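The form predicted alone is given below as one chain in structure tokens.
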Amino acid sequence: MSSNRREFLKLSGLAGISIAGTGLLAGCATGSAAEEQAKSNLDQIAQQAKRKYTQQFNMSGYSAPKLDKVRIGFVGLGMRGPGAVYRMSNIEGVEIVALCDLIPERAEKVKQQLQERTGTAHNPTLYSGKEDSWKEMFDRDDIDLVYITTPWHLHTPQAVYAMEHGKHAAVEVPAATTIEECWQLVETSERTKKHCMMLENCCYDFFEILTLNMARQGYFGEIIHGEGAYIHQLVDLNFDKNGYQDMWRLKENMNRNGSLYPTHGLGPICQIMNVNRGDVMDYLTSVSSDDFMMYEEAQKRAEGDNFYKEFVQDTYRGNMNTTTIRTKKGRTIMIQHDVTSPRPYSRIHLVSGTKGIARKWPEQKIATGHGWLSKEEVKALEEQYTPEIVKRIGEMAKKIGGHGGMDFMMDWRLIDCLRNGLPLDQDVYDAASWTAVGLLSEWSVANRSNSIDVPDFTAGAWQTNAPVDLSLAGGGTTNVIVKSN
């Protein structure tokens, strides 16, 4: 590879975003053709970021018609899907009617495990064996909600198809792989009046939801700044041949340079700042380190296994990305992404206001002055500010599990809202804007950390949209059915 082209790849973030929605360009083009494609992709990001939009229907605060029973079809039964099926089977008013995966054995195994636990309560039809088997499942008219846990590039196509076929969509993070797809989600949700919730489970972790309630009640005063992250050493998993299907997540990290997975840290901070509901992200800047680890790891593995030779390339993206965001009301957010460095897991979750501060990692702490409060004082605050959802379902969530219980609390809340006709805590504007931060960060990295506007997916409705409500007003009625393992 020429030194000129190598330098171009470092600056432009080759394969940063595929307009076709795959997020991958490796092998699609070489030489000058690849460079032209990379430039075109970056231009598309900038164009879509400037797009002006007229809202068709405001999905923020929208209450869809009540569903006494929520009939669910699951697609993607690899890493995340089986756990979601298990959790949902513990919730009253849920019927699991369909399971779909590319690999038949996965679908069959999940059905068998489900029926061993629940007997005849669920008898899902299986769909598998073809790349588009999911469409046959989505075409059914007896499914209310599609739960999507497939690779990233399928998230928007499947969520859009679901909504267009009369179903609510719950889609894993990130919700899209291009800014254009973010707009597709918004337009489709508004046009069909179907919910599109990104399954950002970290919004339901116990300290995050505690600090959200504290912020709602004014404990921190005016929120000034927040920090979040996804710092998670995933090298072994990403290089595991038996890990992600077709090594798709490794390929994402090979070919994209930015904050690839921002929403775990970003979502809770956005809710605390009332982003899309009283404030909105204005613009961001982003910077990435060089790659100091992934090339060497691929090279080492290729020496003993020819399988890894295709992954030995000198275009790996940076190991650490730092993205900073400013909101319209002058608040700031810092988001970091690092899935290679040997660091302890952290999402940071720092909330800073005019009266106080809270931080989750490396230890949960709260302060109202120069010193941190004692553990006893923090415990007293937890008792005072524990939100209704945790009082209602928190202990049961810990028992059923899913990242310590936050996954179950998220699923229960989604079903309870659908059954009671309540607005969702996370709507399509959150899915689009939180996802867009990662995509826009790639443009900024490729342009010497210049700033880029964050689209207002609410078309100005953020100024009057109501903040997230944790009171369970009108809800909290859905029971939990605990099954033996």
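Being a predicted model, the structure only gives us computed values, none of them experimental. Throughout, we count residues from 1 along the sequence that is shown.
Only in words, not in the display: the form predicted together with a small molecule, which the text now covers.
All of G78, C100 and Q245 with a heavy atom within 4.5 Å of the small molecule in the predicted complex: Every residue of the spot touches the small molecule in the predicted complex.
Location of the small molecule contact in the predicted complex, chosen stretch of 148 to 156, 250 to 258, 335 to 343, 113 to 121 [non-hydrogen atom, 4.5 Å]: Only one stretch passes the 4.5 Å heavy-atom test: 148 to 156.
Non-hydrogen atom contact V173 with the small molecule in the predicted complex at 4.5 angstroms: Result yes; V173 sits at the interface with the small molecule in the predicted complex.
4.5 Å heavy atom contact, K379 and the small molecule in the predicted complex: The answer is no: K379 has no heavy atom within 4.5 Å of the small molecule.
Partner proximity in the predicted complex: R106 to the small molecule, non-hydrogen atom cutoff 4.5 Å: Flag for R106 set to yes.
is_contact(L199, the small molecule) in the predicted complex, heavy atom dist at most 4.5 Å: Yes, contact at 4.5 Å.
Option touching the small molecule, based on a heavy atom within 4.5 Å in the predicted complex, out of E363, D141, E131, D236: Partner contact (heavy atom, 4.5 Å) among the options: E131.
Contact residue in the predicted complex, chosen from H349, H264, H195, R331 - any heavy atom within 4.5 Å of the small molecule: Result of the distance check: H264.
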